[in-house]
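In structure tokens, one chain follows: the form predicted alone.
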């Protein structure tokens, strides 16, 4: 009973604020949450840089090529950070939620959830950095196989970004087309569902890391045995598709919470 009273008191306290002030405050929190995704690219790029330095010591004559692969892979690993930055900038400078009609509390929660959804970018950032590091390693061990191994690195890294794209889609829906904002009376359930839609997308961290690991190992294997590139790619893509399963589950639950929420109908 005391917990219930606390929740009611907290909600009443939030609703005591002006609607616009509430949304602006929540947008600031959402922007902060979005930038947590920067953890992933930071770790991934650091790994790639370390492997690039190691590759230079193994094969000094090929250092220029290893550095190029390192920069290419690190650039791809930056994608999640850039996507999160875009969401944060929209929340700060072009926030569509401010002028949106509907319940102020739910709109505010949409801003926070959009930022939370982008946290999934941690996974792709780490995974793509790992693949970049393995690309540098492969180039130093077998310079003749660097071209096919780089191709595998790029392909695998692109697939590893899937979770980040899912999160971006959910964040954009929450900001521009959240169906829960209007037309409901059960504010607590709808606000919690909106928050849940963002939280669910954090699951994308796992697939992002896993798919990046597969991309890295595929790159490494191609560097050693370039003539088996085609078979290696098939195995890598198949494994990455399986690794994406939980990310798809999270996407489905997030969409159900927003567009076909069974909990709202129970009230």
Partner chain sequence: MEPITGKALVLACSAIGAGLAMIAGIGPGIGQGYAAGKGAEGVGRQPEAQGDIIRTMLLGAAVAETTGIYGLIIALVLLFANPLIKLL
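Numbering follows the first chain given and starts at 1. A quick note: this is a predicted structure, and the numbers were derived from the prediction, not measured.
The same protein also exists as the form predicted in complex with the partner chain; that form is not shown, yet it is the one meant from here on.
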Segment assignment from 235-243, 198-206, 220-228, 28-36: heavy atom within 4.5 Å of the partner chain in the predicted complex:
28-36
For the three residues 47, 70 and 82, which mark the spot I'm curious about, does each lie within 4.5 Å of the partner chain in the predicted complex through at least one heavy atom?
yes
Listed residue that, although the partner chain is not shown, lies within 4.5 Å of it in the predicted complex (heavy atoms), from 188, 177, 169, 92:
92
Exactly one of 11, 256, 21, 248 has a non-hydrogen atom within 4.5 Å of the partner chain in the predicted complex; which residue is it?
21
Does any heavy atom of residue 42 come within 4.5 Å of a heavy atom of the partner chain in the predicted complex?
yes
In the predicted complex, is there a heavy atom of the partner chain that lies within 4.5 Å of any heavy atom of residue 78, even though the partner is absent here?
yes
Quick check on residue 74: any heavy atom within 4.5 Å of the partner chain in the predicted complex?
yes
Hey, in the predicted complex, does residue 88 get a heavy atom within 4.5 angstroms of the partner chain?
yes
